[in-house]
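Presented below, as structure tokens, is a lone chain in the form predicted on its own.
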């Protein structure tokens, strides 16, 4: 039996050796080419266009008389490929054919599911701060309303995409596609065709058979528009129309297609300021901002650092294939005092580097010397707004003491010597600010 798989664009992605023998062509001249270039009268391509199966048709392939069948592969209501098989009229073996069909079809379905599925859930979000707890409650609630548009904001590295995945997986759409689009990574001249697709012949270089857009791929599921602020103004009006009408029209097309898609958008920019400056459409902003989830930066929820750090270390250890390590109190104190401009993503990078260095040294515990947090990363000039001079000085003193202790490997007597203060006075300062020190020292 000869077997072939076509993707949604009509490109041949797989065929077995029997099919190659029928065609009398080497594999590298077939795989990756459009089916009409190989078999111009292919019924499989008709199935791709119509979504209707062609079963038991008789046709001739390179002089061979065969029976062919072309079956559409659906994701929701969308045809995303075709599975075709051709049987020599003198080698019919029903059981073997059925087994091979099912095996290949399951393989293709698994691959499609892997490409367009959400990877994270709310259980992957670790927290203990009230701010995050309130946000999780809101996100879980909006997940129950599968048509509601969600706008997720927050600084880079706070976990906006993680929330988008979790909302999709907690909704009734969880078995449907989750399609991510990084709007900042697509050139302006290609964004329309990527989002809405195009018809064959829409422009020079357009692929045969056209192409589905991301909105059509996400039909009955969720589309995640990351970096939404980077969409150019001329595209914002078209995006607004799609969001309002739930209808897309491919580039070069004349037949609008109805879709059913939940939109989750995310940005680290201030869209309200962009609206005022005229760089973002006000009506699109209102359409996106139905439910607003603003993820606070890591520095505003320091209590979460102690909770998420061990989880990050365990995940990194598995990925790096190294022994899991604990982190000591001094290192945790350093992490809690740092400003984290890159948020959780930066924390992951610092811990990954630390684990690699600890592994090189053969150290069983991750300590402060393994962490790449340089002096300049402690922001002494950008103190938080305080009500009084006293509180500003205390904030500065807290950070300065931590910096000196880090340089002294948290050796309190040595730190007192460098600061030219009495050790007992330094102990009282540490107790006042709640700064952890080595176990062999105690605060009187």
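In this text, all values refer to a predicted model and were calculated from it rather than measured experimentally. Residue numbers count along the first chain shown, from 1.
Below: the form predicted in complex with a small molecule, not depicted.
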Worksheet item: Any chance residue 162 has a heavy atom within 4.5 Å of the small molecule in the model of the complex?
Response: yes
Item to complete: Could you confirm whether residue 145 comes within 4.5 Å of the small molecule in the model of the complex, counting heavy atoms only?
Response: no
Worksheet item: Counting only non-hydrogen atoms and a 4.5 angstroms cut-off, does residue 193 reach the small molecule in the model of the complex?
Response: no
Practice prompt. Answer for residue 230 alone: is it within 4.5 Å of the small molecule in the model of the complex, judged on heavy atom distances?
Written response: no
Practice prompt. Pick the stretch from 72-80, 329-337, 185-193, 121-129 whose residues have a heavy atom within 4.5 Å of the small molecule in the model of the complex.
Written response: 121-129
Fill in: Proximity to the small molecule in the model of the complex, single hit among 249, 348, 199, 359 (heavy atom within 4.5 Å)
348
Worksheet item: Which one of 277, 234, 323, 156 is close to the small molecule in the model of the complex, taking close to mean a heavy atom within 4.5 Å?
Response: 156
